[in-house]
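Single chain ahead, written as structure tokens, the form predicted alone.
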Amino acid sequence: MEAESPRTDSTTTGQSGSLVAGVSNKVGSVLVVGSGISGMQAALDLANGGYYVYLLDSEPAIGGLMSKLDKTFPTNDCAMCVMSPKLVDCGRHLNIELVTYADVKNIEGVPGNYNVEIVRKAKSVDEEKCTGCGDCVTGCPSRYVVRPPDEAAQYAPELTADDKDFVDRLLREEPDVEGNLLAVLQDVSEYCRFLPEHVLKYVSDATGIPLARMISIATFYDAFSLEPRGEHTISVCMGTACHVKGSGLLQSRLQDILQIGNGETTTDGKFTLQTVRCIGCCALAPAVRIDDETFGFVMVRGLEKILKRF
């Protein structure tokens, strides 16, 4: 039986003039779904290879979950330091088009020849004219900025006499509330043990600062909460050192003792349990912080004794 002769793939001439075996003419484009660290790298590799890439993500911005991390395992490198160059490269690359705040609705076709239907969510912003100035956020009527007088009077938040006295005194003592908004929110959080909606609305009415700005700060920092917190906050460190030393077991045991999950508060309002990425006490791993007091080298059998102090 005669041996079959080997098949020869077609060749094309690259930009440098050399022959590239097994590569057909680059036609059409490529869709990369998901713009996390792997999606961005895939888009850059394809774009540098000569393909036009659509980088799609359901969120308003690219970056994925890695942008929310403080450090990366196992090197403890800063997450943003690792991904920032890729964010910039994807935004500037001529062969990459960002398709954010959109979802894939339907895919038809065969490998190498797909038709993809994409649904874009409403942004209410002309992306071609957007410069990132932020004026649209400040002027958006849905952000509790402008209300008719009648509506404002009807919407006036109700505060107890003690809460009103505290907020009024706080605003009088702080001449530049807008410039020191973070400090003002810290004082409110310490007084109320969280950031009540009616207090934030009162501060917004009294100062003219958009409520949306306060909410954006409150949801960005883990130190703030929009839900009632307990009298004492228990923070279990889940940093690399503490995790290796068994902080996960401490978390599970605390959940059993207090009968609550992560981020929840006991029914008597005594304790709130939460995990944090790092409390800066790696030499004391595993570490637990209750309010402003840090406990190092914590063992599971010693948790109940620590809790009794509070």
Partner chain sequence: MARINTQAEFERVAKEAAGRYWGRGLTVRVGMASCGLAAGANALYDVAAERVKGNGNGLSLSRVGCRGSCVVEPMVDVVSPDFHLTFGNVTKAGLESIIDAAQANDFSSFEDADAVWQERDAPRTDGTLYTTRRGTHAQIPDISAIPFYAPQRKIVTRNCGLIDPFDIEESLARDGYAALVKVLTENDPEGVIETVLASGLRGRGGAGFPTGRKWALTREAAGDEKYVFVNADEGDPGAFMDRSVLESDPHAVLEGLAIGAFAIGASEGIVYVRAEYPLAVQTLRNAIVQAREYGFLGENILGTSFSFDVSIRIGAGAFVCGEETALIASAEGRVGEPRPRPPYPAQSGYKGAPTVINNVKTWSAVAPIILNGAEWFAEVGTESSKGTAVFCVTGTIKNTGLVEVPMGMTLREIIYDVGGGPERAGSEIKAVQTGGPSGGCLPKDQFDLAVDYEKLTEAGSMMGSGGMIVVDDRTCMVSLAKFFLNFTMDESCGKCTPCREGTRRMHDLLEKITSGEGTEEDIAFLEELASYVKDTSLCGLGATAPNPVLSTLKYFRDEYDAHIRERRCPAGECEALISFRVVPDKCTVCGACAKVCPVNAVVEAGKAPPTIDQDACTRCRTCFEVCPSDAILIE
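Residue numbers count along the first chain shown, from 1. All values derive from a computational prediction rather than experimental measurement.
One more form of this protein exists, namely the form predicted together with its partner chain; it is left out here, but the text below deals with it.
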Looking in the model of the complex, is its partner chain within 4.5 angstroms of a heavy atom from every one of Leu65, Tyr101 and Val125? no
Given that the partner is absent here, does Leu170 sit within 4.5 Å of its partner chain in the model of the complex, heavy atoms only? no
Could you confirm whether Met238 comes within 4.5 Å of its partner chain in the model of the complex, counting heavy atoms only? yes
Taking any heavy atom pair closer than or equal to 4.5 Å as contact, tell me whether Lys71 reaches its partner chain in the model of the complex. yes
Would Arg213 show up as a contact with its partner chain in the model of the complex if we use heavy atoms at 4.5 Å? yes
With a 4.5 Å heavy atom cut-off to its partner chain in the model of the complex, the contacting stretch among 36 to 44, 51 to 59, 263 to 271, 243 to 251 is 243 to 251
The one residue among Asn113, Asn180, Thr160, Ser84 placing a heavy atom within 4.5 Å of its partner chain in the model of the complex is Asn180
Neighbours of its partner chain in the model of the complex among 281 to 304 [non-hydrogen atom within 4.5 angstroms]: Cys281, Cys282, Ala283, Leu284, Arg289, Thr294, Met299, Val300, Arg301
